[in-house]
Structures are given as structure tokens and as C-alpha cells.
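Let's start with one chain on its own, the form predicted on its own, as C-alpha cells.
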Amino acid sequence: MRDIVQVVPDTAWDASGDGAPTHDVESVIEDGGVLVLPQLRFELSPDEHQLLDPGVADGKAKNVSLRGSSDDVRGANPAHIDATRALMRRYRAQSMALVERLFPHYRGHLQCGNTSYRPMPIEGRVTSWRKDDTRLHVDAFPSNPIHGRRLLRVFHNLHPRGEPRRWRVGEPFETFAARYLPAISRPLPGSPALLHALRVTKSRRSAYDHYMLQLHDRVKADAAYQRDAPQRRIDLAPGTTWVVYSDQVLHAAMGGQFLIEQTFYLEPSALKNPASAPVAVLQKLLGRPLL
């Protein structure tokens, strides 16, 4: 299995100073790589250190989120809403500066999605197999169709006591998809309109979203694959930033706490290599358009 992890020495989020030597690395992540910046620390103010506490969350959701379109905060303890909003806004701004520096080809095309703060530990979380992110998977959303857009994510480990974020990463997307696609049926006629009418989905689910959800569920349900498939472990220390297309890279979060993450959406046509997008790969394997 090829090593998909590329480590770079940057210490600055934007292009100022000498701490930002890395740029024009679109091919790293479009080829299914994980770009790791172990010295790129997201600094907290003295007051923000109080947010490194599971009690920041309201106990109902696993994440505290800043909604990309409205700046509403969801999932936070009411006492911490304003502080978490300020923290996540600042992380969103620094993440945008970073991705525009690393990937100049994307400038003007990136759409901000949600910002997520995850103060709860992964270990011990009780959930269904479908929501179990300790299993290898690619990201796909049952209620929020993305119609082929890319999911570019900027992660950072904020843990104050040295605990790494422990990940597993798997085989290339095309190899993985080819393994499961023959067993996946086409979407039922009329089902996208019905799901939207019933408000199960926020918009009509495309054929692409149907296949991505099936791939997500089938790989999570396959215990033999989870155990035996080609994979490697990555330990991401506190103070580490990493960037990945989470719709393309098979990944599993095995342990850790106090993660912050920014999602960006990107149309496949804005990639340097549009043929690398999952929608293009699935269309090639299936021999038909999915959008």
C-alpha cells in the first residue's frame, strides 16, 4: 500500500513571513493524499483554554457546530455559545487563509461549510454501526445531498495533555469503490423526489449521493474488510493540522478528544484534475452519468 501521508514544515496559516513554504500542492490531496502540518498550531487565547472541557457541549450532540450560512451555534452548552462561536469563526478564517495558500487553483471557488468543535472523547461513545466513525469510511450524508461537490476538510488537534488523534487510512478510492459497486442497485425511480417531499433530504438526492451512501454503509458493515483491508495508522499529535478530501480518503477516527474542523465545498470542475473526483471515478466505473 502506498504511503498517502505527506508531511510539510509550515508554521504559518497565511502567506506572510518565512513559515509558509508550501503552496501549489493540489495534486497531493486530489490524488488521495493526507497533507500533514505538524508544526502548524492553532493558538488559543488564555480565556479559550476553558473551552477544553467536555462540558462545553450540551450533551445532546457529539459536536458543537458553527453553521456556515448563518453563524448559528448548535450543540453548545448555553453558557459557552458566544465563546465557541468566536473560537470557530477564528478557526474558519485561518483555515480559509491556509487552503487558499496551499491550493491557489481553488481561490474564488471554495464555499465554506460548517465548522465543528468536538470536545468529547471518541473512546466509549455508544452509537449505531452506521454512525460509528471508528470504522473505515468515506464521508456521505443521508439528509444533505452534495451532488458531486468535494468535501475538503481542515482538522486540528487541540488536546491540552499530549493525546494524539489516532486515525486509520485505507486503500485508494477507485480500488475500494470497485470492490462494492457491483452489488449496489440503482436508485429506485421516483425515490429522490419522495425523500425530498417527506423532508428526509434537504434537496433531491442525486444518483451520485445514492452510490456514495451505499459505499459508506457497506464498508462500515463489512467486518472482514475493516479488519483485513489494506490500511495504516496515523497518530496526529496536539498542535498538528491536517488537510484531506474526506469524500475520497477512507478514514477512521480511533481515538482522541478536542478536535476542531472546517469543511469547504468545491465543485469538481474547479479541481486541477477533475478526473480525480469521486463522481468522475464512479461514472467511469459504472459507465453512465450520475448527476
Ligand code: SIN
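From a predicted model like this one, the values you see are computed outputs, not experimental measurements. Throughout, we count residues from 1 along the sequence that is shown.
Below, we refer to the form predicted in complex with succinic acid (SIN), which is not included among the displayed structures.
Proximity of Arg205 to succinic acid (SIN) in the model of the complex falls outside the 4.5 Å heavy atom cutoff. Under a 4.5 angstroms non-hydrogen atom cutoff, succinic acid (SIN) in the model of the complex lacks Arg150 among its neighbouring residues. Taking non-hydrogen atoms only, Val56 never approaches succinic acid (SIN) to within 4.5 angstroms in the model of the complex. Looking at Val34, you'd find every heavy atom of it more than 4.5 angstroms from succinic acid (SIN) in the model of the complex. Candidate site formed by Arg101, His109 and Ala270: none of these residues places a non-hydrogen atom within 4.5 angstroms of succinic acid (SIN) in the model of the complex. Checking 222-230, 252-260, 23-31, 36-44 against succinic acid (SIN) in the model of the complex, the stretch whose residues place heavy atoms within 4.5 Å of it is 252-260. None of His137, His80, His210, His159 but one reaches within 4.5 angstroms of succinic acid (SIN) in the model of the complex through a heavy atom, and that residue is His137. This chain lacks the partner; the member of Glu163, Asp72, Asp133, Asp217 within 4.5 angstroms of succinic acid (SIN) in the model of the complex by a non-hydrogen atom is Asp133. Heavy atoms closer than or equal to 4.5 Å to succinic acid (SIN) in the model of the complex belong, across 263-291, to no residue whatsoever.
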